[in-house]
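Quick heads-up: it's one chain on its own, the form predicted on its own, in structure tokens.
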């Protein structure tokens, strides 16, 4: 029943990602290079739902969230490399998965590259580099590196006062959003609410299986790759079934909207997306997570490592976008 629930959740997530066009590569890029902040607003709404929801479920004793270690060299370097890779791949980890379902063969190449990149680092030729970068780890006085511990916030009232203030600022900014233009599929509010609630549900489904973490794409990709290549099923978890459901759900959504059409990019673009996937996978395995594991699930625990990783994913994406735009202007 837990496996069935995980597959169903993955299907619904893939459907929502496709209908909302939710890709955090586009969201992060829009901070600097685009006027439309719709996907940024969707992401912020996802965070509001999950930060409040995870904290509430933790206070009630339903969840005991795992906070990712703050191995700062790995998080800084891996986050930056992931950001660079997702620009070249034409989408983030979750965006690559759901676009495979809608028939974008360039994203399929990026997904194969992502799987290869994670395999090379997480148990492959670059495992030693990963271990070296993850050795220096920061904590807060022997405790987990979280915002609450960093600020010395212990009481229930103080924690909720901080969360309330953060949520109020976010809601105020979201409420001032201009009317979204050129909407294809779902608007940002519907997309953010759907993805946010499904991400929160992933915590509950994972908890039923004894896994104290929410949505993740990097570790399940590693586990699925090992199973397909070597028959090793030791890493297969409830998260693996969620990930498997994403492209299937996206296919159903694309079919319903008449958008499920096979698209093969020109060879040069396909090669670039494959290389971007390899880069993205390597960065995710070094950093211990991707745009989902860090920038949604990790941030919802207020883990400092996840917040820093998100910042460097953004920096990497901005730097690579700038390089691509400069190269295109030069050719023009």
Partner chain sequence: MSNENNARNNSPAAAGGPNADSAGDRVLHLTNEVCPYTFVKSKLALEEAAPGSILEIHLGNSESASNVPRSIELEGHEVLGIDQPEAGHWVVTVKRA
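These numbers were taken from a predicted model, which means no experiment stands behind them. Residue numbers count along the first chain shown, from 1.
Omitted from view is the form predicted together with its partner chain, to which the following refers.
Student: Exactly one residue in 230, 261, 132, 169 has a non-hydrogen atom within 4.5 Å of its partner chain in the predicted complex; which is it?
Tutor: Filtering the options by heavy-atom distance leaves 261.
Student: Of the options 54, 39, 307, 45, which one has a non-hydrogen atom that comes within 4.5 Å of its partner chain in the predicted complex?
Tutor: The residue from 54, 39, 307, 45 that makes the contact is 39.
Student: When you measure heavy atoms, are 73, 151 and 311 every one within 4.5 angstroms of its partner chain in the predicted complex?
Tutor: Checked in the predicted complex: no contact with its partner chain for any of the three.
Student: With the cut-off set at 4.5 Å between non-hydrogen atoms, does residue 194 touch its partner chain in the predicted complex?
Tutor: Answer no; every heavy atom of residue 194 is more than 4.5 Å from its partner chain in the predicted complex.
Student: State yes or no: in the predicted complex, is some non-hydrogen atom of residue 100 no more than 4.5 angstroms from a non-hydrogen atom of its partner chain?
Tutor: Residue 100 lies outside the contact set for its partner chain.
Student: Could you tell me if residue 181 has a non-hydrogen atom within 4.5 Å of its partner chain in the predicted complex?
Tutor: Close contact exists here: in the predicted complex, residue 181 approaches its partner chain to within 4.5 Å, heavy atoms only.
Student: Please check if residue 247 has a heavy atom lying within 4.5 Å of any heavy atom of its partner chain in the predicted complex.
Tutor: Residue 247: no, not in contact with its partner chain in the predicted complex.
Student: Across 11-29, which residues bring a heavy atom to within 4.5 Å of its partner chain in the predicted complex?
Tutor: 18, 21, 23, 25, 26, 29, in sequence order.
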